[in-house]
Structures are given as C-alpha cells and as structure tokens.
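To begin, one chain is listed below as structure tokens, in the form predicted alone.
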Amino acid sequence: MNTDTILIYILLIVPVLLSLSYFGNLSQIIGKIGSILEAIIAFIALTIPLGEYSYFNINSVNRILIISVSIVYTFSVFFASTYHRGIKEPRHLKLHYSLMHLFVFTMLFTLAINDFGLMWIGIEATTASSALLLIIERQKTEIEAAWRYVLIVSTGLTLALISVILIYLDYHTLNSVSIINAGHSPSFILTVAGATALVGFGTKIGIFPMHTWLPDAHGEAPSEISAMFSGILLPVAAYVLYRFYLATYSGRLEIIFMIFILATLVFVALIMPSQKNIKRMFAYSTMENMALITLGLITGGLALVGALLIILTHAFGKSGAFFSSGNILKIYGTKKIDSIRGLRNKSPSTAMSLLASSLAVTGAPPFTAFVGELLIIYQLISNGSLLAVFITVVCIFIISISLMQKVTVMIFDGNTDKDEVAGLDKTQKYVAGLSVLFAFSIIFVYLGGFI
C-alpha cells in the first residue's frame, strides 16, 4: 500500500472516528477540531496524482468535489454550534453532530470509490445518514419533509440500481476506470442503463420532474444541513451520474440528458418569480445550478472546466446563502420574503453575506460561476447546439433577475433607522468568514492547477 492510498484511507477514516464523539461529552469541540483536520487532509490529497489506487480513483472532477465537501463540512460544523445553541437536549444535539460526520464519510466514500456498485451504495448511504439530520427540532413539517426525502429518493435510487445491473451485464465488471477507458459501442442495453441512471440519480440531484423532495427538504432542514445538501451532496450525486453517463454514452442518450436538463432550467425560470420563502427560493436556485453543472459535465471540453468552476462557486456560495438564511430566521422569526425588510440595518454582516452569496450563485461577475457559464455556452455554440444555448441563456437571465430582485428588497427596502440586533455575533463571523471563500474560489480561474 503506497502513501497516496494511505492518505485516501485517512481521509475516509477521520469522519468515522469523529462520529464516535456521540459517546463523549466534547462532541462540539471534537467536531470542530476534526473537521479542520479533515479539510487539511483534503488539501494534502490534492498532491495525489490522477489515477487508480487500490479500490479508489482520483480524477480531475472528484478531487475538486473532495475539497468542496471538506470545506463546507468544516463551516457547517462551526455554524451548527451557534445556530443550535437554544436546543436543550444535549444527547439529541450530539446525535446530530455524529450523523453529520457519517454523512460526510458517505459522500467522500462515494467520490473516491472506483466501482459503480459501491458508488450506488454510497449514494444510498448518504440518504440513510442524512435523513435524521432534517428533524433535529422535531417539527411536524421537518418530519414530513424527511419522510418525503427518504421515500422519493430511495425510489429513484432503486431505478438507478437497474443501471448498475445492466452495466455489469454488458461489461462483466463494475470497475469504473476500466469501463470508461475501454470505450464501447452504443447499444440498447447501455442506453437503457444511462436513462435509468438519469432518472435514478436525477432524483437525488433534483432534475425535473424528479425534484419534488428538494424544496421541502431544503426549506425545512436546519440551515447547516441545507448548506450541506445543496452545496455538496447534490454535486456528489451529479458526479456519480456523470461517471454512469461516460460508461453508457450514445448520441441518443445525450439528447435525453439534454432534454431533462433544459426542462429543469425552464421549470425553475417559471417558478422562481413567484417564490415567497427564502430557503425554498435558494432550493430552486440549486436546481438551476445542478442543471448547469450536469450540462457542463455531459458536454465536455471547455464546458467540463466550466462545470468544475460552478461546482466550486456553488459549494461556497450556496452554503453562504443558507447560512445567511439561518441568521435571517433567527432575526425575523420567519422565512417569508415579504416579512423580511431592512436587513442591512438589522444585521449588516448577514446582509453582506446574503448579497455576496446571491451574486455568486446567480453567476454574476467576477465569481467563477460567471466564467463557468460562459465556458459552457461557448462549448455548446462550438458544438452547434444553438437551441440549447438560447434556452439556457434566457432561463439564467430570468432566474438571476428574479432571485436578485427578492434579495435586494430584503436587504435595502424598509426601515432605514439604525436598529441593529445583537445575539448573532458568532454566527455572523462564521457566515462572513465563508464569504472570504468566494474570493478563494475566484483564484481557481487563474490558478486552476488541479482542474
């Protein structure tokens, strides 16, 4: 076993060990220290050359996601320690932290493993480890959202299992690198395998019309879990779908993927202007981001680089948006956009982070999502997909304008008196600190040495 393989094992083992903090009395401190350690290990893992390592595989896409998972994980742990300060059930809160660590392990395992069957198990495990994270405060709406999440996603993943079986029947192996590198001739079996993978994993990603669990789960989950769901879980599922797409590619399958992706963008463009709940608004924004990421991944070329840039910005930007939403809920006691006014006076740092994160996720310059969208559009034009370009550009414009109009009203409209509220100091610092990561993501436009 070489050093690189050992490093991958360490990356996976650390969150499992952290989950054992449930049995001690220092779960918050252990979680904070451990999550920082995990982020450091993830950065060290960037030195691992691309290739196969025993049961694992490191490639240009999953190494970006490993970094995203580790950083958002760290910020979510720190945010949770302040956000849930009012919960008076220490054992329940310790279970919440323990499940967060296991949730991260399942995502990292899914990213690193080099086997389609184990990827499917990893994605299924993310559902099992994250469902209870939705109901820490045990509200009726949270329990209903968790139930819908488990039922709908598990049903979708059952269909994805058919794709695994069909791939094995065709290739007689599930080693993803061997299958993708070997190449294949289009066949009916592989087209069916790709289509079932799209429906199955598309349910997890939030592709229309399999998205119905997503607004409820994101809207009712604690803010740090919404950040992890949106910022890292869905991109991990998109990565798995991308690997299945490479193994089953055909011209017909590409058209099927394109139809579902464009339908998702059109749906979000139609529904975004009518949103009245801030967390549901950002949940639908996540659907747009995931559609663009998936579009970039399947288009390839410069669009693949664009997808990686959007993955980075989405991870940090959308996490900041949900963290800010959590602060707003603490301040105003509501998620209703119409009831949120004068945020710049109530909490200037939250207003700043909300504005910055919203600009990031809508692809405004100079954030990397803007460059990513340009690269995807450029590649589509080069491929002659002009109808896809038109639909994508129009939908991005409508979604961005709708979201930013609502955000600016919440921040700048209303009372202009100086009436800043106290009690969010630590949370504000965490969210403001996350905003620094937006600048960090911009660096990758120029210093994308590992993309």
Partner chain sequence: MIPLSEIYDFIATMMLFVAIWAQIGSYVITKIEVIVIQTTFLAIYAFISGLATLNYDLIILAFLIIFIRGMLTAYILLKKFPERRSLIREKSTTVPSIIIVSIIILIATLIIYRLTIYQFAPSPITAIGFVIAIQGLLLIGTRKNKITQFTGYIEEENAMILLSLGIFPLPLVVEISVLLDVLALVIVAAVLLSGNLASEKLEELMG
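Numbering follows the first chain given and starts at 1. Keep in mind that what you see is a predicted model, and the values were worked out from it rather than measured.
Another form exists, predicted in complex with the partner chain; not displayed. Remarks below refer to it.
Chemist: Does the 4.5 Å heavy atom contact test between Trp120 and the partner chain in the predicted bound form come out positive?
Modeler: Flag for Trp120 set to yes.
Chemist: Taking heavy atoms and a 4.5 Å cut-off, does Glu373 contact the partner chain in the predicted bound form?
Modeler: No.
Chemist: So in the predicted bound form, does any heavy atom of Tyr284 sit within 4.5 Å of the partner chain?
Modeler: Answer yes; at least one heavy atom of Tyr284 falls within 4.5 Å of the partner chain in the predicted bound form.
Chemist: Quick check on Leu151: any heavy atom within 4.5 Å of the partner chain in the predicted bound form?
Modeler: Close contact exists here: in the predicted bound form, Leu151 approaches the partner chain to within 4.5 Å, heavy atoms only.
Chemist: Any chance Ala146, Leu161 and Asp216 all have a heavy atom within 4.5 Å of the partner chain in the predicted bound form?
Modeler: The answer is yes: all three residues contact the partner (heavy atom, 4.5 Å cut-off).
Chemist: Only one of 317-325, 229-237, 355-363, 153-161 has heavy atoms within 4.5 Å of the partner chain in the predicted bound form; I'd like to know which.
Modeler: In short, 153-161.
Chemist: Could you check which residue among Lys346, Arg280, Arg243, Lys330 gets a heavy atom within 4.5 Å of the partner chain in the predicted bound form?
Modeler: Partner contact (heavy atom, 4.5 Å) among the options: Arg280.
Chemist: Go through Leu102, Ala269, Met258, Ala131 and name the one with a heavy atom inside 4.5 Å of the partner chain in the predicted bound form.
Modeler: Selected residue: Ala131.
Chemist: Do any residues of 297-319 have a non-hydrogen atom within 4.5 angstroms of the partner chain in the predicted bound form? If so, which ones, in sequence order?
Modeler: The stretch does not touch the partner at all.
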